[in-house]
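Just the one chain here, the form predicted alone, laid out as structure tokens.
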Amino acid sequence: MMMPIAHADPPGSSMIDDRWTAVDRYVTDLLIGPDPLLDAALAAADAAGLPQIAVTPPQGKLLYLLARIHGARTILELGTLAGYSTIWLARALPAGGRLVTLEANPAYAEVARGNVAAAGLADRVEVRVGAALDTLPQLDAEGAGPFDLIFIDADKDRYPDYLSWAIRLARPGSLIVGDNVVRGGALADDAEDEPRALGARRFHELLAAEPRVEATTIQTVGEKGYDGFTLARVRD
């Protein structure tokens, strides 16, 4: 039985420990370094009034490393925003690789296209506009898959549906990454009925019941607060 969680601050809470941000900045300075193109992408997002919910530089580097380690040639991203994580993932692709990213908001997609082009990645990235549950069937009908890596970072209450589509559009050995799934600890609080927390919980329940995948979830802290991500692999 899940136990209630006391004082579980949601992502973006003002109760973030300053040390988490300091460590993120230390890691960014030492292991990632300055990146004018990524900085410009964030600046463009701010100028356009987009929400400041992109992955952090250490998280972006993790996505890049996962894609490189896995040798991904095809990547699907659900939730583009301004294209910050898109750029990280697209940089990991080899020559001839491709990335399809889905964004529901046309204004966000326009900013993302500009950022991707400025990063020199327009030849390998396709930004599709529309609700993911509309565009995912289109991708399937076109035979766009299978994808080697699928990154889910869209509306959290739809994560169970996105998982089903991710498995459908994957192949044996594909990786599926689901972001923002711990919800400040609400994931394990059975008294929590917020739709995004319920979506994350159902997402985990489906993973547990799905024989085609193996998965784990890692809790994280950082400048965006307390959260976590799920890493799943489609079985051979």
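Numbering starts at 1 and runs along the sequence shown. Bear in mind that the values here come from a model prediction, so they are computed numbers and not experimental data.
Note that the form predicted in complex with ligand SAH isn't included here; everything after this is about it.
- When ligand SAH is considered in the model of the complex, only one residue from A54, A45, A197, L38 comes within 4.5 Å through any heavy atom, namely A54.
- This chain is drawn without ligand SAH; in the model of the complex, the residue among L163, L102, A72, V116 with a heavy atom within 4.5 Å of it is L102.
- Not one of A188, E205 and F229 comes within 4.5 Å of ligand SAH in the model of the complex, counting any heavy atom.
- The chain is drawn here without ligand SAH; in the model of the complex, the stretch among 74 to 82, 139 to 147, 91 to 99, 116 to 124 whose residues come within 4.5 Å of it by any heavy atom is 74 to 82.
- Proximity of A132 to ligand SAH in the model of the complex falls within the 4.5 Å heavy atom cutoff.
- Although the partner is absent here, V111 is not a contact residue: none of its heavy atoms lies within 4.5 angstroms of ligand SAH in the model of the complex.
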